[in-house]
Each structure stands twice: as C-alpha cells, then as structure tokens.
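Quick setup: one chain, the form predicted alone, written in structure tokens, and binding and motion questions come after.
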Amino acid sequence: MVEAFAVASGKGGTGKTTSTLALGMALAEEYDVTVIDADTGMANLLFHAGLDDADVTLHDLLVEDRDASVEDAVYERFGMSVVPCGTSLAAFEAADPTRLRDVVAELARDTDVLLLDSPAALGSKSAVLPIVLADRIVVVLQPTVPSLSDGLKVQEYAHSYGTDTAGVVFNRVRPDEDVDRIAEQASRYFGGQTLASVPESDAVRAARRAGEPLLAHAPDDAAADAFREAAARLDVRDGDGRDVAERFKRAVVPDRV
C-alpha cells in the first residue's frame, strides 16, 4: 500500500516542516513512512532531522547526469526514511524539478506513506509539482483569516489537478486566539476535516536547535500530543505501490503557476 500526502501551507512560517516530521513520526508507529523535502529552493528539513551533513540529497537526484542512486539519498532517522534536500543555490539552479516524478515513483514502490514537505509559495514548477504529485494535501495553517486565505489558494490549485484535501492542521495556536471560530470557517471551505489544533510551544524551537523532530525531542509536550491526534485522524488509504509509481511517472508537469 502507499499514499502520498503533500504537506502545504501557502505561506512561510506556519510550521510546515515541523508538522511534516511530527506527522511522519506519529504515522511511523503503524506505517512504513518516507519523508521527502520537496522544497528544493528553500530546504530546511535537513536541519530539523539532524542531516545537515548529509552527503547525498534530493538535489543530487534531480540533475541530468546524476551519479547517485535514489537509495543513496535515503537516511533512516527517528523510525522514518528521510530524503533531505540541500541548500546550495548552485545545486538548486542545476536541478530539474520534473525529475521529482521519477524519484517519488521509485520511493513509492517500497513504503506505505509518502510525506512531501512542499514549498510555501506557488510561484514555480518546482513549488507546485509536489502538490500535483500527491494523492491528497494536508494544509498547515495558523488560526488567522490571512492564513486561511493562503491555504484556500493552495487547495484550489490542488483540486484543479485532482489532488484532494485530507485535512487541516492549525499550528502554533496561542491561548488568546479564537481557533474554534477559524476552524468553523475552515470547515465550510476546506475539503477535509480539522485534524488537530497544535499549541504554540517552546519545545518546538528547542527541538529545531537540537536537530531533532518534536516527537523525538519532547514526546510528552502538548504540541507532540496534538500532532499524534492529527496523525490518528488521518485515514491512510490503501494504494498499490506499483500502480502509484506508474501514475507518478506519468504525472503532468504543470505548465501554469
């Protein structure tokens, strides 16, 4: 079985990468999970996963005459298979984002859940391709109207390419914010359910400094509990790995952004 989720937001600063790794660790208690940093222009998942010294990254798999195999860029961390992306501008410029299709197709053959940490904006092919490739999106929002608006733009784009919405995670929620009111608004417009409301937490920043996912660094923190709740509500669908891999290979590269 395999299902691919793009974790998306529509803007930076919502905690998308933190959410991707937290959901990955929680889902890994039941599934074989592979996490891919598909933000080839502004990658930072490697810092969250203690992989800032990784020898081979996604960038190395997206060049025309690559020397590395896909398995060379897969690192076993925190119960997950993690494919980090590099931070070099030169490597980003040399990478062909359309090759992500073949990379994801190969990874899909041997996992249950693929989580694509997607770019925040939708300004290029490299930014929108993860959303197009995914079966469904998980939208990470802050409980504000502007964030809701940004998330709706992502969902609209995803739906135009046949990618459904799995649910919404409200992240970095402060005690004084009326998350229930925003969640009620979200339920009217988003295709999936509200998966969880994750409180703002100092443990998230401490985990980032330690180079660890939140659930590894502070497993008993309230934010970690909320991410586990989100993962439990995420209904992973059973897809044939070979069929999904072929679909990825045939995916249409967006000609508009």
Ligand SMILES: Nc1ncnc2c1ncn2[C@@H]1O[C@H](COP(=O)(O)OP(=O)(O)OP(=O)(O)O)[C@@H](O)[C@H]1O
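Note that the coordinates shown come from a computational prediction; the quantities given were computed from them, not determined experimentally. Throughout, we count residues from 1 along the sequence that is shown.
The protein also exists as the form predicted together with the ligand; that form is not presented, and the subsequent description refers to it.
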In the predicted complex, segment of 22 to 30, 199 to 207, 186 to 194, 57 to 65 with a heavy atom within 4.5 Å of the ligand | 199 to 207
So in the predicted complex, does any heavy atom of Ala120 sit within 4.5 Å of the ligand?
-> yes
So, in the predicted complex, is Arg136 in contact with the ligand at a 4.5 angstroms heavy atom limit?
-> no
Any residue of 169 to 198 that, in the predicted complex, places a heavy atom within 4.5 Å of the ligand | Asn171, Arg172, Val198
